[in-house]
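As structure tokens, one chain now follows by itself in the form predicted on its own.
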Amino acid sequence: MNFSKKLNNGKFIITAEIAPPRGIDTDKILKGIYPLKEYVDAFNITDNQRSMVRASSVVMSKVLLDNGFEPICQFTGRDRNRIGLQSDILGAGIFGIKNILVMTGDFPTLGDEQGAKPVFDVDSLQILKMVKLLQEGKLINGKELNGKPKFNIGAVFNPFAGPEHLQIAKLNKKVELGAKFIQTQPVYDIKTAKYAHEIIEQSGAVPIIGLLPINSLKMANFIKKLNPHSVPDSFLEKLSKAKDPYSYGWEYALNLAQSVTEFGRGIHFMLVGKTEDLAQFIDYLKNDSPYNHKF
């Protein structure tokens, strides 16, 4: 069953994130994700994540498609104006890419190209409006298209951003503009996972809860610095005392993932560097969860 069907029939969804290569060699990435082929429903292809140069998300999505994987092609407003974005989104449609996810994007100062100038001609809401128009057969300037694309559109939700009422209003607008599924920033406690799920479900989209297994105290402190309310102090304390922080971090993520299967619609894993570990993680989740009928 593919990602599109699972979106529409209520089955539990598992997605994972892939960074395109910093170069042109895609073989290593394909070999790396092969252990996940039977476990992950679709792979997010990031768009120069953390403002660092990578190969095109559109081209890498086509590479995955040609090798039997289902991609979710990401688009940000950071590096392209409305001309470039419309062009690349139409290109994704020509390639047969059916799933896209849009976001505003990180600021270039977070990356390693300090001289790069941000574009931000359009934000995530405007990109969603753009995609909506493209699917209706029009450019954003109103001109007619010769053939129109059709996508499963996704967007993102940060449960730690504020003010809360503005974030919820923005989320509802994203769904109104066509977002069918919403992936969250990584969460580290069940209360936040339930909150994000409920808010997204109420908006009318399919909630996919983000998970990023933490394997060290250094990593935990870095994530907490980015989102101060994300990592619970109780987790940090236990992680600092763990004899094997790596194992403790994965066990914690597994317990959280199992809890999400009780009420949720999906999980988005943001770590694919250890693909064999992740395959075992998902296999355990599917086979040993009392809710494995949801998959």
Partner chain sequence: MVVVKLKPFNEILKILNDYIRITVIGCEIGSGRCMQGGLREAKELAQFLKNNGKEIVDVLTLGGTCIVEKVKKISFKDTDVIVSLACGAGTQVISEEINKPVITGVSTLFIGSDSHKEVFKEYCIACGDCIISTTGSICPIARCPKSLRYGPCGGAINKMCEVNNNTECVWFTIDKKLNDIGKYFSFPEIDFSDYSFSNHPRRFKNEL
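Positions refer to the first chain, counted from 1. Keep in mind it's a predicted model, so treat the numbers as computed, not measured.
Not pictured, yet referred to below: the form predicted together with its partner chain.
Proximity of 199, 254 and 287 to its partner chain in the predicted bound form is absent: no residue of the three has a non-hydrogen atom within 4.5 angstroms. Partner contacts here mean any heavy atom within 4.5 Å of its partner chain in the predicted bound form, and among 210 to 218, 187 to 195, 147 to 155, 116 to 124 they occur only in 116 to 124. In the predicted bound form, its partner chain lies farther than 4.5 Å from every heavy atom of residue 95.
Put simply, residue 140 is close to its partner chain in the predicted bound form: some heavy atom of it is within 4.5 Å. Among residues of the shown chain, residue 71 is not one whose heavy atoms approach its partner chain to within 4.5 Å in the predicted bound form. Put simply, residue 107 is close to its partner chain in the predicted bound form: some heavy atom of it is within 4.5 Å. None of 56, 26, 258, 227 but one reaches within 4.5 angstroms of its partner chain in the predicted bound form through a heavy atom, and that residue is 227. Contacts between stretch 168 to 204 and its partner chain, counted in the predicted bound form as any heavy atom lying within 4.5 Å, involve 169, 170, 173, 177, listed in sequence order.
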